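Okay, here we've got a single chain as structure tokens, the form predicted on its own, with questions on binding and movement later.
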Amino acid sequence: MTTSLVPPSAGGPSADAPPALGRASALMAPAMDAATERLDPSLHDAVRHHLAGGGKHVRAGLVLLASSAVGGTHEDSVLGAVAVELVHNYSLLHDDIIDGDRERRHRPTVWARYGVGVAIVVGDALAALAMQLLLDDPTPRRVRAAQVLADANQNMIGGQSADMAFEGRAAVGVEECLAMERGKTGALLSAACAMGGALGGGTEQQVGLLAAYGDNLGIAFQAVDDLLGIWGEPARTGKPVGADLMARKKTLPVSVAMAAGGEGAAELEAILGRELSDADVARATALIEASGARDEVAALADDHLQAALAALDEAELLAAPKEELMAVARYVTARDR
């Protein structure tokens, strides 16, 4: 008897999440388990360790809901949901190495427990498996979904590369920061929605509008995440106050504050050019807030959320899954996660 690579104890959406995400987790679990069993047995322990950390499964939920919204079934889209989650998890494995993060969801990361080499190979294996799932039976819809996912992966890599390049720069423009975040975060959310639409048999217009919904949702989500990276409560975020500043990340609030110019921007640039003390983090936070960046980024998040919802209105979707897509958007852009 084989041991499931997706333990029953693996986390999922929290109790306050939209019911659609819980349903997505339940629908996806058997298919995810069957898929990961195909990996080389030498990788199973590390895969099991990583997946046991759970997750919200937002991207899987978006695939399934987008498919339903254009009249598709879960059978049409469940492998797409698994493929998106595999790509998301491979990116997390590699991000943890790049960022030097030793913990994820209060558990050791794969590289910290098994070594960098293992984490790289596991990530590579998950990315390859995602494409295998979609192309095992290369129907036109699945080929289209695979193309969307491959394009998103390239955009994610580009976004990660830009983020790394920003580390060596004193300042990053707002548009540059948005472009980076559109790649790192928006690309896969947009792809999940477009894949669901394609797998469910949606029209080109519907698929395009679902992609626009996901793209705007990605920017809104990342803007909120950037706010929480500076002002979030540790009990909610799992990170220390000002964690992004301590890491000297060029997030949207920092970019907006820098763009405001003046003495405050000059002082902020000087602070972020050195190793930060707790006093530096507090001072940088005050400078960013004084520039108006906190309110501006919150407004930007709201604007993109409204644009995402408007795309759903234009797409002529079935009412029930459309309402659930709206609920997911409001959930992932809430200010307390």
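Source: prediction; values computed, not measured. Start at 1 with the first residue shown and count on from there.
Note that the form predicted in complex with another copy of the chain isn't included here; everything after this is about it.
Engineer: Using 4.5 Å between non-hydrogen atoms, is residue 136 touching another copy of the chain in the model of the complex?
Structural biologist: Within the cut-off, so yes.
Engineer: At the 4.5 Å heavy atom threshold, is residue 121 in contact with another copy of the chain in the model of the complex?
Structural biologist: Yes, contact at 4.5 Å.
Engineer: Test of understanding: in the model of the complex, would residue 146 fall inside 4.5 Å of another copy of the chain by heavy atoms?
Structural biologist: Residue 146 belongs to the contact set for another copy of the chain.
Engineer: Report whether the minimum heavy atom distance between residue 117 and another copy of the chain in the model of the complex is within 4.5 Å.
Structural biologist: Flag for residue 117 set to yes.
Engineer: What I'd like checked is whether 90, 94 and 154 together line another copy of the chain in the model of the complex, meaning each has a non-hydrogen atom within 4.5 Å of it.
Structural biologist: Checked in the model of the complex: all three residues contact another copy of the chain.
Engineer: By the heavy atom within 4.5 Å rule, which residue out of 131, 266, 260, 247 makes contact with another copy of the chain in the model of the complex?
Structural biologist: Only one listed residue qualifies here, and that residue is 131.
Engineer: Taking the partner as it appears in the model of the complex, which of 211-219, 195-203, 162-170, 71-79 has residues with heavy atoms within 4.5 Å of another copy of the chain?
Structural biologist: Result of the contact check: 162-170.
Engineer: For the heavy atom contacts within 4.5 Å of another copy of the chain in the model of the complex, list the residues of 183-209 involved, in sequence order.
Structural biologist: Contacting residues: none.
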